[in-house]
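What follows is one chain in structure tokens, specifically the form predicted on its own.
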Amino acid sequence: MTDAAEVKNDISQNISRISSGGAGYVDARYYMEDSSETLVLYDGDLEANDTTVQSGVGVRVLWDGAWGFAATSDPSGLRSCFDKAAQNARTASELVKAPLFMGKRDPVRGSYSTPVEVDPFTVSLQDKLTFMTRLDNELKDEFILKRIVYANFMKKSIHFQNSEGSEIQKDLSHVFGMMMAMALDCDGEMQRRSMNLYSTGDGTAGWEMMTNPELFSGHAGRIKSELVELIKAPQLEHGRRSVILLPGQGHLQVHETIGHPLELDRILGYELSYAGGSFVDLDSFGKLQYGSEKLSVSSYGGIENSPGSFGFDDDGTLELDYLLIDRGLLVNALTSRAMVNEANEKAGREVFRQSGGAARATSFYKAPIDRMTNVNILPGTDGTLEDIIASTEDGIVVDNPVSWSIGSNREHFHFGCEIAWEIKDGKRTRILRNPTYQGHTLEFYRSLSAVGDRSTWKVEQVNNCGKGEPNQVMQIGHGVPVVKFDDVITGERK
């Protein structure tokens, strides 16, 4: 087996060799470890027990304005991997119409480790299954037809080097969990209630998150009791009313209609053939009123236990804390080094001062692209959920997505949710089935009338964000408080 220090030394030598041969920029990401474990209990039976372990090196070369990429899982093949990346870049440079460049930057040296109390990979399979079986047993009842308990653990150790002399070590750990119960309602349709592991934004991100009653393990009884009421509840009627989003739904609203349209590569048209574009353009920044003055959104890498926190991106840029939307005004995007330079050149002015540290790849054999980090609505001053309910004359509170349909440029949306609570004259009255709401993105955010305080703010975790060709599935975090929007189209016309 090749020693890790030897691999790092070979990477350094090959970076120097390719750079001296004429490349404008070279970097390499050495995944010393990339492990994943997924466990699924379906009606108490072990449906999935999947473990993957991989390692390898991904190499990027920028030559005359064009990227070339290659990867290998064979440490003895590093030289040929670098040569292939360089050849790919030279070939691409003959066709490129908009040359890319990284700009000049001083070397970056640093490290980042996800804070972990109990490494989930040190917990035995038996202990994990015993824990999951206990949750499954708590979900059981005669009226419940299907039960799912899901757990996913990830661990990555990544060493980064580039031709600027940067060296960065990252040790990342992620834990995801979900429980769901399903039952037939009074019309014979399947209804569900679910719970996803979330974080408060502080503390560690190990096995201890799964066993924490507040964050995950203590919610089975609540899910079951809400499902009992849901299957007997009336349907939400079509109409315009206020919509209060709990973080379980609010995070997906942010993800689809703020996060994705503010990824700079989408704005520049690089995702049109797969993930779509954006209604935002380069002239929007500093001018577009994205939402009401209550809307402030950040890209924040300092959340301790979020999968959107990784210290340094795959360009070697320090993960930053900056505003994307400032009191409703669009001010910045999710950016990487080359995309920032291309955007500024295309606009003929400085739209973006620096990279926002959003270049990310999901594995060693995928090239980095602009991805969400922690995209968060900042807490407001409108109090608790009950305070916001008390200020609502006619509305609904909704939680957890069931379905979603998003415009290709993220200009409009339609969401279906698991459950709604009706609000009349400042009080909850009853549960409603099959709630939906829809709107045009800018009109919707401009109707934002209340933002909950820090006590309502949760970091919801996403482990299945797909983007790019070939597709990359990325892990992300969204810190979201309770939020209220007014005069929203809700329910379906009969």
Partner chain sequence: MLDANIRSILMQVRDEAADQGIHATLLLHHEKSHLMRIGNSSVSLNTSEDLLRLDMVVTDGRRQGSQTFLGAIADADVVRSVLAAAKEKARVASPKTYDPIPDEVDVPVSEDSQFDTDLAELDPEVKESAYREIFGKLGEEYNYSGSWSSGATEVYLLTTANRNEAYHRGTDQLFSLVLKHPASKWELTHQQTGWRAADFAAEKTTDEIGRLLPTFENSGGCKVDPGEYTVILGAGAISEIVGMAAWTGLNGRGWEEKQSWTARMKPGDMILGENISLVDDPGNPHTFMFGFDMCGRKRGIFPLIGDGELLNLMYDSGTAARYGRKPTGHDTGSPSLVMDTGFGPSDPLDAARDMGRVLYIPALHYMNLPSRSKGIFTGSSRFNAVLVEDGRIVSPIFSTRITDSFQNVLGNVSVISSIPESVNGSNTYGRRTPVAMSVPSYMIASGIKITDSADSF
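What you see is a predicted model; the values in this text were computed from it and never measured. Positions refer to the first chain, counted from 1.
The same protein also exists as the form predicted in complex with its partner chain; that form is not shown, yet it is the one meant from here on.
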Heavy atom distance at most 4.5 Å to its partner chain in the model of the complex, all of L139, R446 and S449: no
The one residue among L378, A220, A367, I389 placing a heavy atom within 4.5 Å of its partner chain in the model of the complex is A367
Just one of Y112, Y322, F101, Y274 has a heavy atom within 4.5 Å of its partner chain in the model of the complex. Which one? Y274
Only one of 310-318, 225-233, 163-171, 145-153 has heavy atoms within 4.5 Å of its partner chain in the model of the complex; I'd like to know which. 145-153
Does any heavy atom of W67 come within 4.5 Å of a heavy atom of its partner chain in the model of the complex? yes
Just checking whether E208 would be counted as a contact of its partner chain in the model of the complex - the rule being heavy atoms within 4.5 angstroms. no
Might S408 be said to contact its partner chain in the model of the complex, defining contact as any heavy atom within 4.5 Å? yes
Considering only heavy atoms, tell me if H440 and its partner chain come within 4.5 Å of each other in the model of the complex. yes
Contacts with its partner chain in the model of the complex - residues in 160-191 whose heavy atoms fall within 4.5 Å: M182, L184, D187, G188, E189, M190
